[in-house]
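Just one chain is shown here, as structure tokens, and it is the form predicted on its own.
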Amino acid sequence: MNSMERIVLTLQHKEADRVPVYPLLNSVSRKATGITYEEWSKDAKKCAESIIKATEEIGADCICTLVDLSVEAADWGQEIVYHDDSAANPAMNNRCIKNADEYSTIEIINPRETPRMSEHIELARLLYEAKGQEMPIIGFVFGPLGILSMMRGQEEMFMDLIKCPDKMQIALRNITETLKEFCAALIESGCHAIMFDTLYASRTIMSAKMWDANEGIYIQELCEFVREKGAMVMLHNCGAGIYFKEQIERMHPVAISFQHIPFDCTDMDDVKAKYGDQVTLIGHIEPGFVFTATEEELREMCRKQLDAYKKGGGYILATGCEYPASMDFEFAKVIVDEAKNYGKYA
């Protein structure tokens, strides 16, 4: 059974030969070809070569196009700072939206022609051509509210959400329309699914009502658009107290990648009982834990999660967010090993 067959069965909530596995091998993959983080972020060909080589070496079951959270914002003119050993980020002292009146300057743009989104589309094409017949290629797209925060700054945006949310809506609308075209291009390039990062849909950041009013309405449109284009919808959220219920109602995803127990659940058994028949669960080994754990502690955590989630399918063993970029591949291989052995179905 290859990775595609394994994940298709899992998404149908059926037991395959074993639990699929994906330790979110994104930026760490640059080490497979010895390039810098900046090269990996800017050059689609080098990025694809790294991801493919790392995926093969480690034995993961799918590929996600996550590069960094600044991809979309950069194409609206946000200045981005690149680094050799860490993720690109917006220039903190030079946001392209400097006050609430400038939300109106955010227009609809063509992601097929802008610098970073067009590179991301090319990355998806290269990954599909190399691996798309044997494993799912998942396009990663930051949600509208997340993109807006990259251009405005989180603290400033949160204040605007309280003081003048109406001023933000034209920007959120134009970002959404742009993302529709971005998703269409990613799907045309071969992505089997689009994974939206709904970063702020968690209790530790904002209320469910505030998220729903300012992103939920737009993310629902995007999800409906993706399904109309023939691709699956997934979501990623590594916040504490993630809103499963509210996001499922808006997005109807086939899978949720998460790091912390949902707001309305008490433990892993509760997550499986409440949501295990609604979505495929992806996760949720914390990268911070991976960074500090011993090999035996990591194996124990993998087995604990496999015991809680694997019965009946609908579970992919994974890190809850990106595998630590500063580590080598050895603990990623441990996670894969546990899925291949302890994660076997009878």
Partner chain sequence: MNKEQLFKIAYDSILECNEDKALQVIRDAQANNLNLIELLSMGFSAGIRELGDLFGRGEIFLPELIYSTEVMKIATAAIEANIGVSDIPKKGKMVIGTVAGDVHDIGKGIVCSLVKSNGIEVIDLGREVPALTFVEKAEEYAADFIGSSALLTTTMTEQKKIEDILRKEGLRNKYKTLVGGAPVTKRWAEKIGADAYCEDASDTVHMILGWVAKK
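Positions refer to the first chain, counted from 1. Worth saying up front: this structure is predicted, and the values here are computed from it rather than measured.
The same protein also has a form predicted together with its partner chain, omitted here; what follows describes it.
Answer with one of E134, D267, D101, E155: the residue that has a non-hydrogen atom within 4.5 Å of its partner chain in the predicted complex. Result of the distance check: E155.
Quick check on this chain: which one of V233, I261, M210, M168 has a heavy atom within 4.5 Å of its partner chain in the predicted complex? Going through each option in turn, the one that passes is M210.
Would you point out which of 281-289, 53-61, 308-316, 40-48 contains residues with a non-hydrogen atom within 4.5 Å of its partner chain in the predicted complex? Checking each option against the 4.5 Å cut-off leaves 281-289.
May I ask you to check whether Y243 falls inside a 4.5 Å heavy atom distance of its partner chain in the predicted complex? Y243: yes, in contact with its partner chain in the predicted complex.
Would E297 show up as a contact with its partner chain in the predicted complex if we use heavy atoms at 4.5 Å? Yes, E297 sits close enough to its partner chain in the predicted complex that at least one of its heavy atoms falls within 4.5 Å.
Does at least one non-hydrogen atom of I217 fall within 4.5 angstroms of its partner chain in the predicted complex? Close contact is absent here: in the predicted complex, I217 is far from its partner chain, nothing within 4.5 Å, heavy atoms only.
4.5 Å heavy atom contact, D84 and its partner chain in the predicted complex: Taking the distances in the predicted complex, the answer for D84 is no, it never comes within 4.5 Å of its partner chain.
Its partner chain in the predicted complex - contacting residues of 188-212, heavy atom within 4.5 Å: Contacting residues: R203, T204, I205, M206, S207, M210.
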